[in-house]
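Have a look below at one chain only, the form predicted alone, in structure tokens format.
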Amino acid sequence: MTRRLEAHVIRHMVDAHLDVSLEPGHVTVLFGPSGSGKTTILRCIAGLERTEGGRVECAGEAWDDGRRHFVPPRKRRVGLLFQDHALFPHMSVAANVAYGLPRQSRSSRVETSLRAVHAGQLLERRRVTGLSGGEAQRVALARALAPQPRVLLLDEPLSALDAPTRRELRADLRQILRAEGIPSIVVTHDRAEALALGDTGIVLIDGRVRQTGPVAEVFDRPRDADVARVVGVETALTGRVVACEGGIARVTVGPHEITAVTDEGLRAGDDVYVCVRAEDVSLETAPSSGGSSPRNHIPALVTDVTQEGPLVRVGLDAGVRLTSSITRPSAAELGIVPGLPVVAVVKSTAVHLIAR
């Protein structure tokens, strides 16, 4: 039988019910904008705050019934990792990791935990001052893992790091969580982080759970326009279904008619939101044919160009507003500048329709 952690958190502006898998190594991502209640939920699960009429239950054991029964944090065996490391500056690396461990197991657990997070070389460091951001976060993660918690809670664990360190630790963190086999809940508002780390995604908006499912499905197929906005679907336009047959819908969007693959049971005349991610919009300077997938070709003018590291975000006026994200070499090859006429190309499989 699959073990679950269930939490119905009622606290201030939060009223959210979560049902989280406790399978070894399973990672659940709580995703949403600032102020949506993500950190409050973690604090209630950890026992740092009490629910107000809600409940928290782990593998059948009640931790907080919202009334009189309350298991204190130290007895829940929950590991915590915060974005600001929260290391003791006057203590050595080993002493930080050992903090709170039984004396008889300290030495072995400290070494094992540091090696698990690829930081064994820091074992002899006398002070944590002077550690890089990535090193400090690895030490903090080792400290959270050392007591072998039942559940690991990570609150924006990478947001305080610079971009290169964040990318490196993000890849390592997923591998570490799987290898340690501890079920984890990660709070983030970073889409790349959520996709890289998560098995299950839970979207929170205004203190309520709005969508739950496999993390890639949540990001690729948002349930409604609010979720689409939160998970970073750059284009969400209003449209109307002209016809729908065999899982292929023809939809009018502004002055255009496009096709989309759908299983939403839509009918002619239905109003929909048409959602397209920027990375699914490729650009051409002349129409082309070919390719195995049905494609939509939409004439447009480039309105603005924004450099975003290795990518270029291109704003488009096609009678409706579109956004494309392409590589810098592609932008240079196409000569992308404001005012350039282009053709936006979108596969029908990349168009997600939401009934309005």
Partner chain sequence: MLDWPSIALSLQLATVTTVILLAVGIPLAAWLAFTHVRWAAGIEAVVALPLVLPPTVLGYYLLVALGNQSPLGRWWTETTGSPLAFSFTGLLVASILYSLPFAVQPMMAAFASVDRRQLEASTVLGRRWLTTIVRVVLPAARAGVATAAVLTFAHTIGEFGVVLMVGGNIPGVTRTVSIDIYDDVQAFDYAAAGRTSLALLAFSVIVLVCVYALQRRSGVGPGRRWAL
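What you see is a predicted model; the values in this text were computed from it and never measured. Positions refer to the first chain, counted from 1.
The same protein also exists as the form predicted in complex with the partner chain; that form is not shown, yet it is the one meant from here on.
Any idea which of 195-203, 116-124, 257-265, 81-89 reaches within 4.5 Å of the partner chain in the predicted complex, heavy atoms considered?
Of the options, only 81-89 has residues within 4.5 Å of the partner.
Just one of Leu101, Val71, Leu131, Ile176 has a heavy atom within 4.5 Å of the partner chain in the predicted complex. Which one?
Of the candidates Leu101, Val71, Leu131, Ile176, Leu101 is the one lying within 4.5 Å of the partner chain in the predicted complex.
Going by heavy atom distances of 4.5 angstroms or less, which of Arg313, Arg55, His26, Arg43 would be at the interface with the partner chain in the predicted complex?
Partner contact (heavy atom, 4.5 Å) among the options: Arg43.
Residue-level contact is defined here as any heavy atom of the residue lying within 4.5 Å of the partner chain in the predicted complex; does Val305 satisfy this criterion?
No.
Flag Arg106 as yes or no: does it have a non-hydrogen atom within 4.5 angstroms of any non-hydrogen atom of the partner chain in the predicted complex?
Looking in the predicted complex, residue contacts with the partner chain include Arg106, since a heavy atom lies within 4.5 Å.
Is Gly207 close enough to touch the partner chain in the predicted complex, meaning at least one heavy atom pair within 4.5 Å?
Result no; Gly207 lies far from the partner chain in the predicted complex.
Does Leu48 make contact with the partner chain in the predicted complex, using a 4.5 Å heavy atom cut-off?
Judged by the heavy-atom cut-off of 4.5 Å, Leu48 is in contact with the partner chain in the predicted complex.
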